[in-house]
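What follows is one chain in structure tokens, specifically the form predicted on its own.
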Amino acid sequence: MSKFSKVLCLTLALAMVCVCFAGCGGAKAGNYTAKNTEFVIGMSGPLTGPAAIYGIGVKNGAQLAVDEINEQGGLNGIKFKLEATDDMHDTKKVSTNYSSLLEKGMQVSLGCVTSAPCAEWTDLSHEDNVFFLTPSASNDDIPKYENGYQMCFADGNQGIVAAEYVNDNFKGQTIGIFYKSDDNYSAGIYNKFKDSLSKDVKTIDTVFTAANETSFDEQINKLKDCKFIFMPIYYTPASIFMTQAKGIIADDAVYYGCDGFDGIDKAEGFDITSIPQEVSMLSHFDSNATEGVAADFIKKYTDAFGTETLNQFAASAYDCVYALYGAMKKADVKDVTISASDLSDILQKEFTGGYAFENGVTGGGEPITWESTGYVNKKAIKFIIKEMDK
């Protein structure tokens, strides 16, 4: 091959590489919105598998809000569309889901439903400057970039608010704590809880680490004299603990969890009515509300989807869509083909500029605002899942 031919081949090869890189660039957020005829909201969540109750709740709640907004004419005559993908609570599926949503014209998103997958989403969306408002991924690091926000309480904030409740109600008493020390969710809440706890409250701390622990005899015996047990864990190990603790933990004790308790009353193989103690949790949604916007949401949701997936995650997703709609309306967004990055710049300005979301079904109906960190400010409630036996 002549020297000229080699140079020509090299030039052509470089040109093809440039084309390939340009093609890869086409997978970025701004290049798929040009043909949009609706504002596209994307989300990734567990729609199948053990955590599906959360993902389906989020999808249903978000879709309910989208349908209502569209029935009212959308935004400036432009309707919204929800695109939902299944990640099965598997971090390895997030990248594929994220890319597919970009290809479907995603302009703004709800991120991921659960924290571990949402950590992947956080990094991916930051690269493309795609704004997300997650209804339920509560890890403290989820909103670490300027394009990420939470509608749910961050783990640390749950610990702080739970400590405030204990400080107000258990001065001079000893409470029990049962948590999973190697789990970011559980340990994150525990650490903030302990840091915020009054010196007037004493604790007996018990831990577990095994992912599929089936015996909590040691922890139960240590906590048997406690009348209040704080459990910042998910409902599966909590239900095992409660079942094994019958007859040992006092019947007039209280089990108190955080958002990981949501769905415990519907957990497979667990009869919560057989537990004599009160089971309650820190929440931002009252699923037993009989009046106000929360009650209106409950009726609309159960009429459309039944009660199986009615939880704070569904309510939070409903609020997420309306909050995004409200911010876009305030900014008077009219371009249906706006790129995700350009829309993100607009939404960041609104959310950091004192935007208040009114009439949310979470937060007790009070205005919801956000800090520049992406953390939400809203009212918390103690929600009783099951009353103490009389």
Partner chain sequence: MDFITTLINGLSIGGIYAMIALGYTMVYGIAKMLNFAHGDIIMVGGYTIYVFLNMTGHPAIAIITAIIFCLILGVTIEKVAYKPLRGASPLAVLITAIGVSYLLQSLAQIIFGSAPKMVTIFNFGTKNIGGLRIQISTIVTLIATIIVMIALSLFVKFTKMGRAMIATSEDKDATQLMGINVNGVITVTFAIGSSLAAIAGLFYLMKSPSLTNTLGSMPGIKAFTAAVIGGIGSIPGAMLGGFLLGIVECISYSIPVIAPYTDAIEFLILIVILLVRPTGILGKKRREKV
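What we label the rigid core is the largest C-alpha set whose atoms superpose within 1.5 Å from one form to the other. Please read these numbers as outputs of a predicted model, since none were measured by experiment. Numbering follows the first chain given and starts at 1.
Keep in mind the form predicted in complex with its partner chain is missing from the figure; the text below concerns it.
Just one of T309, Q277, N129, S239 has a heavy atom within 4.5 angstroms of its partner chain in the predicted bound form, so which one? By the 4.5 Å heavy-atom cutoff, the listed residue in contact is S239.
In the predicted bound form, the residue from K194, K222, K300, K79 that sits within 4.5 Å of its partner chain by heavy atoms: The residue from K194, K222, K300, K79 that makes the contact is K222.
Looking at 346-354, 47-55, 60-68, 359-367, which lies within 4.5 angstroms of its partner chain in the predicted bound form, counting heavy atoms? Among the candidates, contact is made by 47-55.
Report yes if all three of A84, A116 and T122 come within 4.5 Å of its partner chain in the predicted bound form by some heavy atom, otherwise no. Contact check failed for every one of A84, A116 and T122.
Contact with its partner chain in the predicted bound form for D200, defined as at least one heavy atom pair within 4.5 Å: yes or no? So D200 does not count as contacting its partner chain.
Non-hydrogen atom contact Y165 with its partner chain in the predicted bound form at 4.5 angstroms: Judged by the heavy-atom cut-off of 4.5 Å, Y165 is well away from its partner chain in the predicted bound form.
Although its partner chain is absent from this view, report whether F208 comes within 4.5 Å of it in the predicted bound form, heavy atoms only. Yes.
Please tell me whether any heavy atom belonging to S95 falls inside 4.5 Å of a heavy atom of its partner chain, as the geometry stands in the predicted bound form. Although its partner chain is absent here, S95 would stay clear of it in the predicted bound form, with no heavy atoms inside 4.5 Å.
So which bits of 281-311 sit within 4.5 Å of its partner chain in the predicted bound form, heavy atoms only? Contacts from 281-311: none.
Using the rigid core as the reference frame, would you say A210 shifts its C-alpha by 2 Å or more between this form and the one not shown? Moves: yes, 2 Å or greater.
M281 and A211: do their C-alpha atoms lie closer or farther in the predicted bound form than in the form you see, with a change of 3 Å or more? Compared with this form, M281 and A211 lie farther apart in the predicted bound form.
Could you tell me whether A210 and W121 have their C-alpha atoms closer or farther apart in the predicted bound form than in the shown form, knowing the shift is 3 angstroms or more? Relative to this form, closer in the predicted bound form.
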